[in-house]
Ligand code: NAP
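Here's a solo chain for you in structure tokens, the form predicted on its own.
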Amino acid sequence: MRDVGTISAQTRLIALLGDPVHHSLSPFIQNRAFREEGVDGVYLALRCDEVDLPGVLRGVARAGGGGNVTLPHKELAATALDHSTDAVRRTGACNTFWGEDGEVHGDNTDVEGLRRALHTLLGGPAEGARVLLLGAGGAARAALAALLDEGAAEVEILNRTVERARAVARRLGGERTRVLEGRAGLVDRSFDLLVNATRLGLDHDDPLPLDPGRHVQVESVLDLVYRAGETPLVRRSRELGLRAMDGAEMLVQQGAVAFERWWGRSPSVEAMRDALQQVRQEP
């Protein structure tokens, strides 16, 4: 059996592309999964600006590797593919790529990852839920697709740029999606679920994207942001006695689907969760 701690000329590069990437916990999770499954690969985080993203993505894939794409490049990544899955075509965003027969393939595993995370938070599907979705970028598109697939009764989108939110609603939403003009539209409103698909909370000095105790009444909160400790939104939600979860479970679940795309087999989700838990407990 190959020594999985050895990098050789046959080792496959799997890269996370984004800006920033220094906060990412994906290398810990994926490299643990690689070791557990005995695959010959190494997962690295590479900071990449939008000018370089298409070339780096295609170069890695055509060299036989693959990877993930994170903020703010998921929509740009979708334009760099030769072959797209239905999830990419629906959302206009790609977070997972790989090379196959000299061509570049891409998927949006955030859709399935978020669907599985919702089941963990809610104890089942979001069928019939009234949802407030914050954001209109690639993560928000994946969230909207997953929520509609789950049977959410209504999803209302709140974004700083209203027209961008309208574009997302037009692309994916149908009759069950509407766009809010601003926070004034939240007065005296209540929702079953709040999903934060903005990047607010990634940096320690970020303000809350929305205060569930002040701006809106909700029962459950899913913050797609994750970091070593609790995000401010999750902390505030739990202080109010709400069910709340950050993006760690989605990170693991979408990562498991991505692993399947790269290696053609399923990883140990338990090992990936364990790796995430260990690194989050470190100072």
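Being a predicted model, the structure only gives us computed values, none of them experimental. Just count from 1 along the sequence shown to find any residue number.
Quick note: we don't show the form predicted in complex with this ligand, though the next part is all about it.
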{"item": "Candidate site 78, 98 and 266: all three near this ligand in the predicted complex by heavy atom within 4.5 Å", "value": "no"}
{"item": "Exercise: residue 41 in contact with this ligand in the predicted complex, heavy atom 4.5 Å", "value": "no"}
{"item": "Contact label in the predicted complex: residue 197 to this ligand, heavy atom within 4.5 Å", "value": "yes"}
{"item": "Residue 137, heavy atom within 4.5 angstroms of this ligand in the predicted complex", "value": "yes"}
{"item": "Residue 73, heavy atom within 4.5 angstroms of this ligand in the predicted complex", "value": "no"}
{"item": "Contact residue in the predicted complex, from 105, 164, 130, 115 (heavy atom within 4.5 Å of this ligand)", "value": "164"}
{"item": "Answer option from 160, 171, 119, 89, heavy atom within 4.5 Å of this ligand in the predicted complex", "value": "160"}
{"item": "Segment that reaches this ligand in the predicted complex - one of 146-154, 120-128, 184-192, 198-206, heavy atoms within 4.5 Å", "value": "198-206"}
{"item": "Contacts with this ligand in the predicted complex, stretch 225-252 (heavy atom within 4.5 Å)", "value": "225, 226, 247, 250, 251"}
